[in-house]
Every structure is written in C-alpha cells, then in structure tokens.
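The chain below stands alone, shown as structure tokens; this is the form predicted alone.
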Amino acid sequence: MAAELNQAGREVDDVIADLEAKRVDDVKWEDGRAFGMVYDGGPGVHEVAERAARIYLHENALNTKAFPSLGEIQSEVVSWTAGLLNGPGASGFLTSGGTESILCAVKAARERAKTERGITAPEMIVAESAHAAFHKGAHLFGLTLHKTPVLDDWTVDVDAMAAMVNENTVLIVGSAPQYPQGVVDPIPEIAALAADAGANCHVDACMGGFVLPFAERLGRDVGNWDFRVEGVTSISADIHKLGYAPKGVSVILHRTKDLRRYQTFVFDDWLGGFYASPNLQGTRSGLPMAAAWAVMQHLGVDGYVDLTRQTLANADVMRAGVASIDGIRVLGDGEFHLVAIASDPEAEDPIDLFALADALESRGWFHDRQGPPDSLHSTVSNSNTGVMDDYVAALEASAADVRGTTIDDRSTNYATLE
C-alpha cells in the first residue's frame, strides 16, 4: 500500500526520531567499516562542513546575481582545484557529482565538434573500464559510443582505441584512476591520440583528483595525467569523495575558458528573459558548494597531504592482508586508494568472492560487488583509519569460513532501483 502524507503536522523531535530509526540498517560508515560511498575527514572537517551547511542551507545558486557569494565560492573552489591539477588557465564549474561532471564533458565535446568541425554524427571512444556515466552521456546526448578492451594490467588498450578513431570522433576518455581496479590509464598516449584526431580528451579523475596531487607530494610515482599533459582538454574531480566534502559536489575543468563555453547552455527566446545554465541543473543548492569551500579552506594542502598519507597507508595494509591469504588476490597494479579483491585462479583452493562478501558483511564490513571478473571493490580512505587490522582479521576469518563453498547470488547491483 502506498504511503500517504499525514493530515496534521508532527512535532520536530518526533520527525527526527523517525529519521534516526530509519538509519538502523544503513552501512556504519562512522565506524570505518565501509569502503566507499561516504568519506570521513575527521572531527574538524565535520564541524566546518556542518557550520557552513547551516549558513547556506536555503541559498540557491541558480542566479548568482541574487547570491553573489555563491558565485565567489564557485570561482574560488574551481580555481583552487585547477591549481592542484596544474591548469593555471583552466576554467570550469561546480556540479552535483562525478556523473554530472562527466555528462558536462560529453556535452561540451559534442558542441565543440559541431561548432569547430561541423560534426553532426558525433562518436566517442571509451575503455570498458570507463565509468558508466559516459554511456549515460552518449545515450542522453546522442553520441555513438565505441567501447574498447583493457590490457592484462587493466589499463586502456591505446592501440584498440586508435583503431576506432574516425572523422566523427569527438571525445576520447582516460581515467586517473579508473574505478574497477584502481589503475591509472596512460593519459599522455590517450591525449596524443585525441589531439591528432582534433577531438577532446577527458580525464575522469573523479576518484583521483583529490588523491593523486597529494600522493605525488608524498613521493609516490603518479606519472603524468593532469593538465601538464598536452591534449588533455577537460578533467573531472569529485570534492565529495577524497576531498572529504559532504555530498554532492564535483568540479568539471576545461583547459581554457574558451573550451568551457561549449558546456554552457544559453537561451534568450523566452518570455522569462535571458537564461543561461552552466551545467545540467537549474536550481542548485548552495549548501554543498559552501561546505566544499569550507572543507578545502580548513584542510589546506597540508591537511590533504596528511589525509592522503593515512589513506594510502590504509590501502597498503589491505593489499598486504589480501596477499597473505591463499585463494584471493588484488587485481591490477594499483598503488593508490582503490583495491579490487578477486579469486586467485592459480591458488590450490580459490575462494568464491561473493561468498566472501556475505561473510564479511555478516561481520559488519561492506564492499561493493563488481564484475567481470567477480570482485569486491574498495575505495579506501581516511574513514578506515584505526580499523584496518580488525578488517584484515575479519578477512582472514571470513576466508576460512567460506573456503570450498559457493553461493548462487552473482548480482552486482550499483544502483538506485525499486
């Protein structure tokens, strides 16, 4: 039976108590037992984000003439992020998250190719590891999408991409890192391919934009992937992931302000007057924008370096723990914060990963299931600080429990469906 709104209003305390009760079965991210979805920067980050959120709870970024402070906030956050990604002339906007940033990049590539090259049947090239949002963008904006395989190390097969390039190619995509196995694609080669074709090159750094710059400062071998690479025309980076801001805020950057204009929708044939929208939303909440601004100011570069140091240490513990257990392995040669655990086909007694997931969940540890191949995905972060030894112990116990067993449920839902 469908729920109906109550006729009379209710007391504030009663309403809030019901909301608290609804959370009883939610993943316990506050305890560090989730690997993704929510990222905990610590008490100081909580405080500054929550205080900023209260100030901007009701403000609307639809029209920054009415709320010029939100225009300033957006401009400053974009500028700070461009600096981190070595794009002194880069320009962009804030969006609601990585998916919207990716959609904006797809739309901008289509519009640029139509304007500059007269292309009316645009095509794009992505690897099978690229985020599903690129497929969504192709569907929404009418692009033909070509999907190429990855190599044995899970990075993009640039030769396979090159074979797909034609006169209608408007966008070629690389990831830094890609989500499923956490490896960084060869961005210089992908960008060169796009430049030769006269196409856009988008780097999806939604997962890495607020990790790789600080990992580089910590001495990790990051390689070239940002605006230092000629041919990279746009980058997406999520502040609400490892930037530790509340949901939902991401940055979409274009190498130049001239390239940014292809993202913006402008319409002046309306009785309501001139209308322009920089991204897919009209009304935009000022809350996540202000919270992101406050978190970035609170942490500064040094704060992010410290959080990244702890994040990478946590991920290293996870990888070492997996390596110590016969029957499972880490996919790819990732060395940052994304870890994919899979069955080891060369082991004497390989472990069913989805049975392992159930056993871990029964102990309070949540992983996303993904595939192919069947694997457990972890976005390790500062949230997991202080519990990684407990996690490894749970992993060992769970592996012992399920060794030699399999389960029928092979679903890999990453969705909001009813």
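Counting begins at 1, following the sequence as shown. Keep in mind that this is a model prediction, so the values were computed, not measured.
One more form of this protein, predicted in complex with a small molecule, exists but is not displayed; see below.
Considering the small molecule in the predicted complex, the lone stretch of 154-162, 187-195, 96-104, 300-308 in range is 96-104 [heavy atom distance within 4.5 Å]. In the predicted complex, the small molecule sits within 4.5 Å of a heavy atom of residue 179. The small molecule is not shown here, and in the predicted complex it never comes within 4.5 Å of any heavy atom of residue 77. A residue is said to contact a partner when one of its heavy atoms sits within 4.5 Å of a partner heavy atom; residue 226 fails this definition for the small molecule in the predicted complex, lying far away. Proximity of residue 241 to the small molecule in the predicted complex falls within the 4.5 Å heavy atom cutoff.
Though the small molecule is absent from this view, in the predicted complex it lies within 4.5 Å of a heavy atom of just one residue from 131, 146, 319, 255, which is 131.
Put simply, of 126, 207, 291, 199 only one has a heavy atom within 4.5 Å of the small molecule in the predicted complex, and it is 207.
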